[in-house]
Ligand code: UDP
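Let's start with one chain on its own, the form predicted alone, as structure tokens.
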């Protein structure tokens, strides 16, 4: 097993960081994690025995948003400092695994200075909507020049990298995997959670992601106006300066049509149990999702999943068979499909059963780890 230095600029527990957590645990004996900020990821890593070091990066680089190019240029000195730290810590490791775009930019510079080979684990779809032209050009140029592999979490992510000018020969598909054991023995927990929420026998749907416009929680709220019997749980909080959107959501939910029907649960560690309490698990992203971990988790929890038909979601769901797909930002379509599944429990259960079987077969943690280890074999 290779000695890997895993690097991430963030320490939140979003989808990409959960992947890093699983990879680092599997390679804990010979590897180490370098983070550039404090956060809950450090605690989770340490709790499982993974060696982790935090080198606090400057806000000049941590504060840069992907959609802006000017800030990225100003952050170059701070990025160089990160690269020096990666170069120093990278001695003795066979490969650097860069788990975020900022981590990769710094690792690529370290590679230019003589550091170990770099694998860029790309968890984002590189589009103009999310990444400025400057950021995309820099990332793709450095990827072509200094990455030994570009791991992508879906075909959609890989296609976007190539469309942005990335070398197709670098791309290796490694679908995200989810630990199956976390979704076992959930049957008895649903009733307790519903009682805690006070929803009774009302239809309950759930969305599970950070509060962000592109995650589309507002689409659910609009759809709920058209399905008045439905209640919802919203699991997650705002990250990356998106508190204004979160406040807007709560204001919408306080309107008379929705008052008392939306339950704000914040960040939770019992996602499988919460999903088991729902009648439907929803994925409402307004933009193409690179992967869609929530989709797989909902399927593993044995619930019918309705997802936005874009990006990686199309690879995870066969519409009408393993889940349902609706157009992005189409609250009317979402409401219609919600209503259909709630009124046809036999159909909903059939879709849930087939979705669970698909997730267990194609998106297990063991499958991800096997594909990751194969990708570490560099030409």
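Residue numbers count along the first chain shown, from 1. Predicted, not measured: the structure shown is a model, and the values here were computed from it.
Below, we refer to the form predicted together with the ligand, which is not included among the displayed structures.
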Subject >> Proximity of residue 136 to the ligand in the model of the complex, heavy atoms at 4.5 Å >> reply: no
Subject >> the ligand contact at residue 364 in the model of the complex, heavy atom, 4.5 Å >> reply: no
Original post:
Given that the partner is absent here, does residue 181 sit within 4.5 Å of the ligand in the model of the complex, heavy atoms only?
Top reply: no
Original post:
Closest heavy atom of residue 16 to the ligand in the model of the complex, within 4.5 Å or not?
Top reply: yes
Original post:
Which one, 244-252, 259-267, 186-194, 219-227, holds residues whose non-hydrogen atoms are within 4.5 Å of the ligand in the model of the complex?
Top reply: 259-267
Subject >> Listed residue (102, 293, 97, 303) with a non-hydrogen atom within 4.5 angstroms of the ligand in the model of the complex >> reply: 293
**OP:** Scan 196-225 and write down, in order along the chain, each residue with a heavy atom lying within 4.5 Å of the ligand in the model of the complex.
**Re:** 208, 210, 214, 215
